[in-house]
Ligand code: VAH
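Let's start with one chain on its own, the form predicted on its own, as structure tokens.
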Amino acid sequence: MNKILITGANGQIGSELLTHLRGIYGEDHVVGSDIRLPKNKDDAGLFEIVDVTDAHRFHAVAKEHQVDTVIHLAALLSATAEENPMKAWDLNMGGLMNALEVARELDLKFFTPSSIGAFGHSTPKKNTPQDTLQRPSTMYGVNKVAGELLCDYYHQKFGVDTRSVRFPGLISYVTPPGGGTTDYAVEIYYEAARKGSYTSFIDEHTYMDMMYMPDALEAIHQLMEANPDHLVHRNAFNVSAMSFAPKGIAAEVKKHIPDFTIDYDVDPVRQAIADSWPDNLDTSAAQEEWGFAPSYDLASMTKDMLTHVREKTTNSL
């Protein structure tokens, strides 16, 4: 990658990926884009206003900056997509089609994330295989499965260098949650630091895969720099770093905040989404094909999260 365009650059992944890739490739080699400028406009750097449903504008910006790679992140997440499925289809699928067309027309490398949401109730929940049945029961999941197939199609039909991972829940102290089912795993750290207690909207025994954001960012970078001759699956690799239920993360938090307490007020919509997802993923294909190897487990992530969250909480007082 030499010149990269990131869509959805104000989002949870995009805002941090922008900084991460600029640190690797240089400030002038990574162009951010979203439907509005970042809150801190002085630090935006190269940044364009782009609505990804506007195909003409999307193409014009990519061509103007002479990018060789598009990292397409603009999307509505799982819980938000269930609240407005038609808007989710228009943005998630319309935006993806435009992004793929830009990649085809300008001969660009292409990345867009899939998700554990691409799986469903009929998918094996334990050690979920790389290649398995995918019958999701949510609009977000339908979008992700369709997206995986579209990316495969553009690679096979047009030779577009498409690549993707199925992200689990992503945990970060930098940006707030964005409407995902796994958001409780971010919220719990903030509430533990602020109040010493948390009410989870997910049942205490519900296991889901998770990953700390630094590992997610590096996974994107590593996959996009991988030798294409080694990639069998492309769209999309299972990736994960850990699997836990709310009671498990609460127990880890208590090692640092002994008086921390957790209770439960289960949200039936988000719980139903979580119940349709795997407990834990088989990530062996990513390990074998491009060397995927996360650095953080639950213990090291919790220690780092609480350190940073406490700093943010103290500074905001």
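Since this is a predicted model, take the numbers as computed values, not measurements. Throughout, we count residues from 1 along the sequence that is shown.
Keep in mind the form predicted together with this ligand is missing from the figure; the text below concerns it.
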- Candidate from F111, F119, Y189, F167 lying within 4.5 Å of this ligand in the predicted bound form - any heavy atom: F167
- Query: Heavy atom within 4.5 Å of this ligand in the predicted bound form: which of A245, L77, M139, A241?
  - Reply: L77
- Any of the heavy atoms of F58 lying within 4.5 Å of this ligand in the predicted bound form? no
- Is P214 close enough to touch this ligand in the predicted bound form, meaning at least one heavy atom pair within 4.5 Å? no
- Task: Flag S115 as yes or no: does it have a non-hydrogen atom within 4.5 angstroms of any non-hydrogen atom of this ligand in the predicted bound form?
- Result: yes
- Message: Taking this ligand as it sits in the predicted bound form, is T182 in contact with it (heavy atom to heavy atom, 4.5 Å or less)?
- Response: yes
- Query: Thinking of this ligand in the predicted bound form, which stretch from 153-161, 93-101, 232-240, 167-175 has heavy atoms inside 4.5 Å of it?
  - Reply: 167-175
- Note on the structure: Residues in 267-292 that come within 4.5 Å of this ligand in the predicted bound form by at least one heavy atom, in order, are W277
